[in-house]
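Two separate entries follow, structure 1 and structure 2, each one form of the same protein chain as structure tokens.
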Structure 1
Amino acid sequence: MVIEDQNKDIEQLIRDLARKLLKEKEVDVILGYTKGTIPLTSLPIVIDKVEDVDKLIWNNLCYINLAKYLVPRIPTLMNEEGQKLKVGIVSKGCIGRALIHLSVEHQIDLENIKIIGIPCNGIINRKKIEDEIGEREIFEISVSGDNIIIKGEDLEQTLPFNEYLNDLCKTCQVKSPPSIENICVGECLENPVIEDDFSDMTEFDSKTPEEKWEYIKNLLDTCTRCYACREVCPMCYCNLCFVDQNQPVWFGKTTAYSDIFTFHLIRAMHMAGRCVGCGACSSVCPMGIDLNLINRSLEKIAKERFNFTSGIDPEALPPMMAFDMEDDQEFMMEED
């Protein structure tokens, strides 16, 4: 089936399930996607009326991880009697994984959530599109068949869909959310298994330490420290982020490379064993920095050392929340 038809089917699935859940009062609100106000974007939307269901959409620009909007905001979603509202949330695979991981970290209660599972067919890489089009203004973007159609003033260009997908989407093994009994409706995966394929890291791992340093330096060199990556990440939910603390001050707040590198290094360590590979951080970066390399490196370490993959098993504790006397300690040094 071509991408255009897949999108129509997914959108219809979302609307049918949302309408059913609202009519039968299984949820109080639906959190999903709606059309963006400018090209290459979509917007999150919360609806609580059946007549608003047709505002829900699906296209290949729905890059935001909606789980972000439940933490830390879900405690504020109350009715007039002060009771917690039950939320239905449109969930592709990475959103479902984020919800599971957040529940393991005791940030959300899955009993108050209905996961509306959809089979994600990939997210378009906005940066690749912008690089291709250059400075020409885009008025409209759509998918026709298996092609992306770009229109603007004195501009109409056709691009092959598969060549402009996010790299993460090309290798994603969990297109739909993992199934949880009585919580997941729609298309959900029973007992998903992610095979250990880190072939995309082979080239980077083969580099010398000096070459790796130069690569990372070039990758982060254009960072302006706008913190868009932090703001969009569902796992960044601290009330006070380390970069905003002034007692103590952990590092400077300038755009000197030492400060940029320190920010990304510390944030990456906070993401160890927690990233669900949604790619939202890279999608929102105004400078087009792809943070996937850093996150994938830590995902590989978590898998190799602890045999852990985030957001798959609601009963499995992540490495940073668990301790085992049998854990490898190869980093410990012994005196001769």
Structure 2
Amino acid sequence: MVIEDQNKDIEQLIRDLARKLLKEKEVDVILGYTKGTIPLTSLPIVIDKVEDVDKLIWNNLCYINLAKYLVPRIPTLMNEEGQKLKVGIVSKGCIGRALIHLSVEHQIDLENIKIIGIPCNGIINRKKIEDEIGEREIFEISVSGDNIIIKGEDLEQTLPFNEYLNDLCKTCQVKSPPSIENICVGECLENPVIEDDFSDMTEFDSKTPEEKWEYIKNLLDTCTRCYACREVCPMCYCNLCFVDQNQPVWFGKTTAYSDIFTFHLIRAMHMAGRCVGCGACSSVCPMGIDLNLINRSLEKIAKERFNFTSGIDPEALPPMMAFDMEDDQEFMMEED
């Protein structure tokens, strides 16, 4: 089936399920996507009335990881008494992963959540399209067959779908949420086995430290430290992020590169074995920084070192939560 038809089907499925869940009072609200106000966007939406269900949409621009809204810090999904509502959440694979990982980290109670599982065929990378189009405004974007069709002022362009996906989506193996008992109501993956050779990383890995440094520097130095990447990340739920801590102040708050890369380095450290590869951070960066490389290597570290993929198995402990006598320690220095 072609992508647009698939999306149409999924959209219909989402609406039907949402309607059913709301009607039968299985959930209090549905968390999903609706049409964005400008092209290349989508808008998260909380629906509590059956009649609003048709506002829900599904397309290849639903880049926000909705799991973020379920983390305790966000108060909007609570009732007047401050109790958590029962939420039905539209979940592509990475949202499902985020939910599972969040439950491993005791942040959400899956009992309270109904996963409306859908298969995702990839999220279009806004930045790549904007780069391609340049300084011309896009009015409309649609998917047709294997192509993305872009209409704008003096502009009608057809771009191959696969090339304009998020890089993370190209390697994604968890298109639907991994199934958890009694939670999925749509399509879910049964016991997914992740096999990944990380061949996309080979080129970068073969660089010298100097080349890597330059590459990453070139990637990150436009960062304005607005922390949109952090705020959109479902795994960034600390009360007080390390960048905001004083006593001690771990590092500077300026836009000097040493501060910027320390932020990204430590954030990466904190994401190791936890990143669910949704790519929301890259999608939302106002400066267009693509963190794919960092995210992929986080998955690589977790997989290759600890044979762990986050958000697949609610029983498995992420690498930093466990330890093992038999871990590799080739990086430890030994005598000659």
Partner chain sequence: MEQKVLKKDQIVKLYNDLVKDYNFYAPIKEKRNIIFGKITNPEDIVLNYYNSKVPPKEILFPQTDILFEYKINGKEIEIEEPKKLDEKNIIFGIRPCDAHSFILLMNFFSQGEFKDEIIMNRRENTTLIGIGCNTPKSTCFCTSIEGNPFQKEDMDIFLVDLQDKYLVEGISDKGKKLIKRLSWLTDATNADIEMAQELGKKAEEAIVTKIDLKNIDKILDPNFDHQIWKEVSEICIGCGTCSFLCPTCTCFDVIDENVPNENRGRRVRIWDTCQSCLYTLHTSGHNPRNSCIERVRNRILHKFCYYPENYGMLGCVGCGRCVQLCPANNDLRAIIEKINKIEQKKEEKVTV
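For clarity, every value in this text was computed on a predicted model and none was experimentally measured. Along the sequence of structure 1, residues get numbers from 1 upward. Only the largest set of C-alpha atoms that superpose within 1.5 Å between the two forms is called the rigid core.
S.K.: Among the two displayed forms of the chain, which is the form predicted on its own?
M.R.: Here the form predicted on its own corresponds to structure 1.
S.K.: Once the two forms are fit on the core, has Thr255 moved its CA by at least 2 Å between structure 1 and structure 2?
M.R.: Shift at Thr255: below 2 Å after core fit.
S.K.: Would you tell me if Val143 moves between structure 1 and structure 2 by 2 Å or more at its C-alpha, with the rigid core held superposed?
M.R.: It does shift by 2 Å or more.
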